[in-house]
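What follows is a single chain, given as structure tokens, in the form predicted on its own.
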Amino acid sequence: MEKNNKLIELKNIVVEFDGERVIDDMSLYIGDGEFVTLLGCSGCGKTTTLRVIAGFIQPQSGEVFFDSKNINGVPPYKRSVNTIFQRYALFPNYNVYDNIAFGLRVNKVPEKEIEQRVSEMLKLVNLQGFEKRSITKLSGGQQQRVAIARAVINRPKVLLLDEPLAALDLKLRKDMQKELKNIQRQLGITFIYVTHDQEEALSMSDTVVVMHEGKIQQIGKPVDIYNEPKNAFVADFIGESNIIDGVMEDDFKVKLDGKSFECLDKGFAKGEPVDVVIRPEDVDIVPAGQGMLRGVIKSVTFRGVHFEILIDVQDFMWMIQTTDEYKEGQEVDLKIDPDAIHIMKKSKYSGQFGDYSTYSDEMDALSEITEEDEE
């Protein structure tokens, strides 16, 4: 979706907790009617950014604008913003109808109008007939829908969502991703969504904001973030990536592993060291002698849709995803087309990602457990 105007604008925002900088000079604008996702690992500052927009946190420096008006110091209840947290904070002693109607009753809206608007919300979130159902008798997905209806019935201009699907199981989470996107399109209001789930961000968003260490690493449409990452952190965090040291020989030509490859990138200096990103699904495995790089297959893992194959090429471990089955110990070649190669400038993240020598399911599991503990 194109940005119609700058509904929300953050200018040079700095937030510190106990002397530690959590948001580091952030500037960002969000257009009216956009679905924007703040994406990053635990501790990157995405939830803090959401709370700054909501008014729960006041930045040490910088300005927050809403419809071109500075709202620094404006309390949360005076901002045209509602928030849905991981824990929905529904009232267990109220039924579905009363939970959804709560905000309107606080604002002394006439009961007849409340009835009409609650009915509209129930239809929007597919809960017609659940009006008298106790909150405690609802499934997780149904409680999520009630929370959404309660949040949008007051017609805010912006809905903030802080990992609202994290507690749901995988299938239900995927179903709710589609529902949330449909609801956002029907309402036409701005959604600002926080998640550490890359697939969730790519599938739902108009715009993805990738964050790390309190800074924005990249802003763009999901397809651009995936196909044109700005640095090694983004390339590694968004999906899987082989990230190899290379040297630009000329426009449209890069050298890696001692061999020259045609590519689609230009504008780099001759002889400039670069990071070369090649996605696992963009590499073809071919018989030895028919490709560009020679390697030995070290492991083969069946993932259902494809095989995940690790190949040792000159002591660098490549990951390849293919529907063809191979055997460990096979000597094979890799074939890489020019449009599979993406060139990035060197950054502080160079050399930290993209070699799968230490890759394993156990490492992934440990990483996920550590993130959950931090949260």
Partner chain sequence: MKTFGKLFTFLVYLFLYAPLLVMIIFSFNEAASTSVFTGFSLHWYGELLNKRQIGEALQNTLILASLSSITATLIGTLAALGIYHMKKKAVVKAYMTVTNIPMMNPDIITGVSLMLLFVFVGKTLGMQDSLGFGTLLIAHITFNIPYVILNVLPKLRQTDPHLLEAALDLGCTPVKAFIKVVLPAISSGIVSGLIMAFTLSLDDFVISYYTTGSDFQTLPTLIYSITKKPVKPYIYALFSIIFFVILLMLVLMNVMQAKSDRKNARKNS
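Note that the coordinates shown come from a computational prediction; the quantities given were computed from them, not determined experimentally. We call the rigid core the largest set of C-alpha positions that still match within 1.5 Å between the two forms. Numbering follows the first chain given and starts at 1.
The same protein also has a form predicted in complex with its partner chain, omitted here; what follows describes it.
> So in the predicted bound form, does any heavy atom of F302 sit within 4.5 Å of its partner chain?
Although its partner chain is absent here, F302 would stay clear of it in the predicted bound form, with no heavy atoms inside 4.5 Å.
> Residue-level contact is defined here as any heavy atom of the residue lying within 4.5 Å of its partner chain in the predicted bound form; does S139 satisfy this criterion?
It does not: once its partner chain is placed as it appears in the predicted bound form, S139 has no heavy atom within 4.5 Å of it.
> Verify the contact flag for Q177: yes if a non-hydrogen atom of it lies within 4.5 Å of a non-hydrogen atom of its partner chain in the predicted bound form, no if not.
So Q177 does not count as contacting its partner chain.
> Even though the partner isn't displayed, in the predicted bound form is F252 close enough to its partner chain, meaning a heavy atom within 4.5 Å?
Outside the cut-off, so no.
> Should the three residues I219, R279 and F353 be counted as contacting its partner chain in the predicted bound form, with contact defined as a heavy atom within 4.5 Å for each?
Not one of the three qualifies.
> Within 4.5 Å, heavy atoms only, one stretch in 252 to 260, 76 to 84, 205 to 213, 292 to 300 touches its partner chain in the predicted bound form. Which?
Of the options, only 76 to 84 has residues within 4.5 Å of the partner.
> A89, A166, V247, L264: which sits within 4.5 Å of its partner chain in the predicted bound form by any heavy atom?
By the 4.5 Å criterion, the partner-contacting residue is A89.
> Only one of N154, N72, S119, N227 comes within 4.5 Å of its partner chain in the predicted bound form by heavy atoms, so just point that one out.
Checked against the cut-off, the match is N154.
> Taking heavy atoms and a 4.5 Å limit, what residues of 101 to 115 are near its partner chain in the predicted bound form?
The stretch 101 to 115, when checked against its partner chain in the predicted bound form, contributes F102, G103, V106, N107, K108 at the 4.5 Å heavy-atom cut-off.
> Superpose the two forms on their rigid core, then report whether the C-alpha of Q186 is displaced by 2 angstroms or more between this form and the one not shown.
After core superposition, the C-alpha of Q186 moves less than 2 Å between this form and the one not shown.
> With both forms fit on the core, has T207 moved 2 Å or more by CA between this form and the one not shown?
Not so; T207 is displaced by less than 2 Å.
> C-alpha of F252: shift of 2 angstroms or more between this form and the one not shown, rigid core aligned?
The answer is no, as the C-alpha of F252 shifts between this form and the one not shown by less than 2 Å after core alignment.
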